[in-house]
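Here's a solo chain for you in structure tokens, the form predicted alone.
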Amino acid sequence: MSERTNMVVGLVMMALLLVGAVPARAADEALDKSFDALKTYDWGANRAVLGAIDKAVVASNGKADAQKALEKRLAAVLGTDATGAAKDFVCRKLSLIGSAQSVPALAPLLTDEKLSHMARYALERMSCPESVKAMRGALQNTSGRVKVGVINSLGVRRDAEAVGPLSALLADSLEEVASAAAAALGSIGTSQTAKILGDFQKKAPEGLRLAAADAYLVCAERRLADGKKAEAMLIYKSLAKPDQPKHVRLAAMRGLLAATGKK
């Protein structure tokens, strides 16, 4: 290859690199503008100003370094005085690309009455153990509806390590909290929770009888799905007795038929 040819090839490659650099630089500038807009973004504002962040989240799929950098930048917003709308937006994005790296920024929001549900929305979707640990830790620092929300999320994640704290909440003075705890234990659906719910179902106060029975039914479904047919059938049989409400008996009978493979 002649010197002239080498020079032409070099110039072509340089031109291609420059062409590729232009849109990349433009994307970076647009992303910076979106993050600047995010600082003051509020409900009712033009959502388009955050479009570059949306695009960056999509573009980061499969690119670990880019995703980690974007996640770090988003999580940092949660520790500022940004608006609730901005933090809501961040939580939604972290629900898509969040990892253990984001948990320290999301955890403090779990006790925030206005943002707890969005923090849980993000944490529920993170498969890392740090996310459930954060929600488990929030149980003792929350109350009322916020606590109920945290309980529900632990049920969704089927957090076996939360069984102890959730069992204690079955005796909570607020029926809403006790009912949520029973439902979460049913969703976790282990042999341990089956025993706990079996005992609770027998002595539950009037206001919690239906919640206890429904949770026990869900637990039976979990045991059956996990291949524990004998355990599931014992639960269904106990709930098919005459002292149970009609809809509970019917559901239990249907469960028994499913467990035995009958239609």
Partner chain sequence: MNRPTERSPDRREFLKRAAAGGSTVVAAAPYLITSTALGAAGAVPASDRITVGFIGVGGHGIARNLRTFLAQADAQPVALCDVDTRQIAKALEVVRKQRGESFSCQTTQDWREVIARSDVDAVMISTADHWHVPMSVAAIRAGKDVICEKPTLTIAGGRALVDTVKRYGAVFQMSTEDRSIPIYHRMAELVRNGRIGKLQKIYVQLPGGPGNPGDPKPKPVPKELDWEMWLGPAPWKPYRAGLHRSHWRWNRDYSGGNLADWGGHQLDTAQRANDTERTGPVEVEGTGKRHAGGLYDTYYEYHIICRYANGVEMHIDSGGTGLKFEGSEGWLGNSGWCKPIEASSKKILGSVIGPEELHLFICPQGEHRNFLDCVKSRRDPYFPAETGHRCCSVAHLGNIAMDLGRKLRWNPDTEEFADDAEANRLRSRAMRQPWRI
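None of these values were measured; they are calculated from a predicted model. Residue numbers count along the first chain shown, from 1.
There is also a form predicted together with the partner chain; it is not shown, and the following applies to it.
Comparing 206 to 214, 191 to 199, 226 to 234, 32 to 40 against the partner chain in the predicted complex, the single stretch with non-hydrogen atoms within 4.5 angstroms of it is 206 to 214. Though the partner is left out of this view, residue 218 does reach within 4.5 Å of the partner chain in the predicted complex, counting heavy atoms only.
In the predicted complex, the partner chain stays beyond 4.5 Å of every heavy atom belonging to residue 240.
Residue 161 falls outside the set of residues with a heavy atom inside 4.5 Å of the partner chain in the predicted complex. Using a 4.5 Å cutoff between non-hydrogen atoms, residue 133 does not count as a contact of the partner chain in the predicted complex.
In the predicted complex, the residues of 170 to 186 lying within 4.5 Å of the partner chain by at least one heavy atom are, in order, 176, 179, 180, 183.
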